[in-house]
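Below you will find one chain, with nothing else, as structure tokens; this is the form predicted on its own, and questions on how it binds or moves follow later.
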Amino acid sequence: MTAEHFDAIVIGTGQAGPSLAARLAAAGMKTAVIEREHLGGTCVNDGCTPTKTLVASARVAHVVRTASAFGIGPESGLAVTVDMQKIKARKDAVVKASVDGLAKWLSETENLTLIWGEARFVAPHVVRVGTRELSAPKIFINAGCRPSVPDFPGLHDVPFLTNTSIMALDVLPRHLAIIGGSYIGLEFAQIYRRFGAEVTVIEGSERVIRREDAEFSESIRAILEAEGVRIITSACDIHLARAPDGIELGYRLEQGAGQLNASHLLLAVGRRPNTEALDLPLADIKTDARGFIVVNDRLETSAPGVFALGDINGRGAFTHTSYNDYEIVASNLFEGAKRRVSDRPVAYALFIDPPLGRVGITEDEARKSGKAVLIGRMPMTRSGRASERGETLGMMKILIDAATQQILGASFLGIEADEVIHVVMMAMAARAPYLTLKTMMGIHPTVAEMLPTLLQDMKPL
């Protein structure tokens, strides 16, 4: 079989793929883009876009229920009717608009060919899609990840949902059990609790979102439990069975066995890379013990001319890190830059309400660093904006290198924390000393105006 020759091949249309393909094509390179299932990848189809649309609907339900605290409606609160079919239709419309826009962009881009199907390597720099073989001196893999499905006893005897399949749900669960108390699981827990479902989260660790400092984990747990989410931690020996009215879920705690009956089960126990079907060994592309493609600081794989971007390289599991992968590769290829993945700090948000925004290292990591570190803490009750909005839950924490005065990290939990954290991120990107923020004049009344106040009282860690 004679392979069709291209100057570049992009496998996958997640957040890095389309932008990179368009940049390659604009540079005059004949480019093929291969997509297996749907344009936009996880973020557009079953990640950021649809989940944050559901978060918005859930927040409206919550605000209506609590309106009496603001002098709106009867003292007993306003009645809330939740129409899951309308909620899903709204979510689907938002997703469709994003996908349609992406499809139009790709179709109108010169030098770019969109090919539908699953790609797999048959040789270095040669991939097969169905009956077609394509070759190129440069290949960019942006094939993403999928939900992990653990081998719990009885799991495959019961119906279960993942963060992908739950997007098709258009009914309100009587009782949603969520296995996994990390970022995906907690967001869905609050969403469906605010819609009116009974929700239980089962987590194997001693606390939820164990990547964060303990005080943030405990605060987030308290926020969710105050809304009626039941959270069970340190659970092991999970097993499942069908029941006449749903699913029986059993588990063991230190103090004994536990059991619950749920109508729906969501698995939120991590994600795994889509590397198996690519036949990477045939292209001499190495993976690590977890299956992620091994890349260097420039996102080059072990095969010359082949790059891996986005979730599949294990160097970030977010839309923004995927897009930043594109920016790094494009800058290095077309602008002669020397951008590196290791130059970007860890940065992400947990989109419960109120949200958590984090950048850089945690307090636990700072203690282990061996550096002299300054720390500042402030409860969100200090913020006028938070008090005025009646949303004073959470806190702010920032960490400073005492020797260099550089910001090492920050964690903000509270109203608009996912936006305010960007002020710190920009200061870190500019390598500005923390005194720059300490002397900044903020606009009142905002949450960001509290940053100088936070930095006034720094203490040794």
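When you see a residue number, it is the position in the sequence shown, counting from 1. All values reported here derive from a predicted model rather than from experimental measurement.
Although it is not shown, the form predicted together with a small molecule is what the next lines describe.
Proximity of H239 to the small molecule in the predicted complex falls outside the 4.5 Å heavy atom cutoff. None of the heavy atoms of F216 is located within 4.5 Å of the small molecule in the predicted complex. The closest non-hydrogen atom of V424 lies beyond 4.5 Å of the small molecule in the predicted complex. The small molecule in the predicted complex comes within 4.5 Å of no heavy atom belonging to E300. In short, of 289-297, 86-94, 206-214, 111-119 it is 111-119 that has heavy atoms within 4.5 Å of the small molecule in the predicted complex.
Of the residues given (R252, K371, R271, R230), R271 alone sits with a heavy atom within 4.5 Å of the small molecule in the predicted complex.
When contacts are defined as a non-hydrogen atom within 4.5 Å, none of K397, G409 and A432 contacts the small molecule in the predicted complex.
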